[in-house]
Structure formats: structure tokens, C-alpha cells
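One chain comes next, on its own, written out as C-alpha cells in the form predicted on its own.
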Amino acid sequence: MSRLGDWVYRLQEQRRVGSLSTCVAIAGADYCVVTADTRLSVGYSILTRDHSKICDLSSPLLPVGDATTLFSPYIDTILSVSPKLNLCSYVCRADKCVLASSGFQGDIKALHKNLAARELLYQHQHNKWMSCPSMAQLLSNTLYFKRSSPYYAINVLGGLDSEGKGCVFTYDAVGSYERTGYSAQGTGSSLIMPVLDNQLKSPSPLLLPARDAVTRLSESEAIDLVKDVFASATERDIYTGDKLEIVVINKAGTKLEYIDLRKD
């Protein structure tokens, strides 16, 4: 194999393996908890122990001093919609909505930038932030549009709906999604989901009449549960560890908490 061919093979292999991690979300009656570990690793190599997998779509994703570069392919469209747009404002805000992504970091960053551009257009067309269910549909459409060459990104979207109830949307790689009461994605999901199924017992979506999928746990009990399942998964999954990032969304706003996990 030539040197160029070997480089391409290694790049494809790294893309296939990705930068693996674990994400969990739980929806309650008036809150949503979204969590992810902060370890970023490929194979047996830990690249960093302090990398956030959670994008808070209810706060500025990035200051748009850099927005001219980010939105250069969309400048004509944006200015046609909002001729007086100030690109030194902030972008990618959605109403009480958080996205946790696991997979290849290059694709995850590209996906987040795409969502930021579309969210900005939505703001200036409708003069309001995008709701969490609307962002869920936008994310599904974005992933499905790339189905022929999908983003290597496994996503969990959590937040509050228009009634103030917690909502969790879980996705596959090509945009199929479902609203559930809880979800786990990533390398540790096979270890975590059985525990969540046992503790939360979400009703089947096939039951008629449809039942509310939100958990009956209080906010503090849900936080304790995710701490326990991550502590357990860290013992058996080498791609999960270092720190646990916990984002809690409720009617008062969004709060962030970190706890330490196993570091080896």
C-alpha cells in the first residue's frame, strides 16, 4: 500500500472508530436531565479528559465574531431574510434545549454548525427561539438529508416542551427519532439501558390510549440515578470516565454540575 493509501486507510479507520463516549438523558414532569462523560478517546489512547459532549442550544453556541466565517456559505440567504442582521450578535439559541452527541468529533462539530446556521435563520424568520420539539424535527431532517453519507454522530436531545414537561428525543445515524422518557447512547449504553429500564419502566408506545413517558422520579432522584449508572458503566467501559457533566433543565433555567469518575 502506498503512503497516501495508508494515510487514507488510517483516516477512514479513525472515522469508523470515532471518538467514543456515553450520553444519558431522563425526562421528568417539569425537568430534564442530560448527562455525558468528558473523556475523549480513540482506541486505547485518551486524547483529553475534559471534553464536553453537550451543546446547550438554549444559550449562545459561539460568539459570532467568528460568524462571518461560519456562515459564509449562507450569507446571501441570511441577508435576504434579514438585511439589517448584525453578525456580531449571538447565534444558535433554542428554548430550553440541550443536545448531547457521541461519535466522530469532526462530524459532530459539522452537525452543530449546521444546526446553528438553520437556527439563526429560524430566529430571524419567526422572531422567536426554536422550541425543543421543533429542534428535534430539525435535527431529524438534517440527519436524514445526509443519509447517503451520514454523520457519524449518535445524538440525544433533551429539554422542555411548550407545556413545560420534560422531553427526550433519541436518534439513530440517519434521523429516525422517538420521544421517550429516557435514553442512553454511546459505548456504555448497553450497560446503562437495562438499569434505566428496570428503574424507570417507561410504558410501551404501542399501548392505547397513549401514556405519558416521563419518569415519576423527582429531579434529585433522577440526578442520583444517572450518577449511579455512570459510576457502574465506568468500571466496565474503557471509553467512559474522568468526569460526568450533568445539565439540568427546568422552568428556572439551566444549571450545570460536574462529578469525578474513574480516571483509568
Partner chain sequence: MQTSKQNWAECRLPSPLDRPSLKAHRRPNILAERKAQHEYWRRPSFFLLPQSNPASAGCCFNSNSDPRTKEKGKRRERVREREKRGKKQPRRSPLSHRLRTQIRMTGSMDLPAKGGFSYDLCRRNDFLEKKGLKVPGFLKTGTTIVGLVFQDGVVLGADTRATEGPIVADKNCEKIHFMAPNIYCCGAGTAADTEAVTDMVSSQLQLHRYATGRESRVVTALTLLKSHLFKYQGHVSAALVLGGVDVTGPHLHTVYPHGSTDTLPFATMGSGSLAAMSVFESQYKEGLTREEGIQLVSDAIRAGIFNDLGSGSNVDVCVITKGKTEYLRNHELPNPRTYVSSKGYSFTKGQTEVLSTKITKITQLKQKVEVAEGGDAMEE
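As the structure is a computational prediction, the values presented were derived from the model and not from experiment. Numbering follows the first chain given and starts at 1.
In what follows, reference is made to the form predicted together with its partner chain, a form of this protein that is not presented.
Asks: Is there a heavy atom of E219 lying 4.5 Å or less from a heavy atom of its partner chain in the predicted bound form?
Replies: Although its partner chain is absent here, E219 would stay clear of it in the predicted bound form, with no heavy atoms inside 4.5 Å.
Asks: At the 4.5 Å heavy atom threshold, is S41 in contact with its partner chain in the predicted bound form?
Replies: Residue-level check for S41: yes, a contact with its partner chain.
Asks: Would L225 count as a contact of its partner chain in the predicted bound form, using a 4.5 angstroms cut-off between non-hydrogen atoms?
Replies: Yes.
Asks: Would you please decide whether A29 lies within 4.5 angstroms of its partner chain in the predicted bound form, comparing each non-hydrogen atom pair?
Replies: Although its partner chain is absent here, A29 would stay clear of it in the predicted bound form, with no heavy atoms inside 4.5 Å.
Asks: Taking the partner as it appears in the predicted bound form, which of 123-131, 189-197, 173-181, 159-167 has residues with heavy atoms within 4.5 Å of its partner chain?
Replies: Stretch with heavy atoms near the partner: 189-197.
Asks: Who in 232-251 is close to its partner chain in the predicted bound form, meaning a heavy atom within 4.5 Å?
Replies: Sequence-ordered list: S232, E235, R236, D237, I238, Y239.
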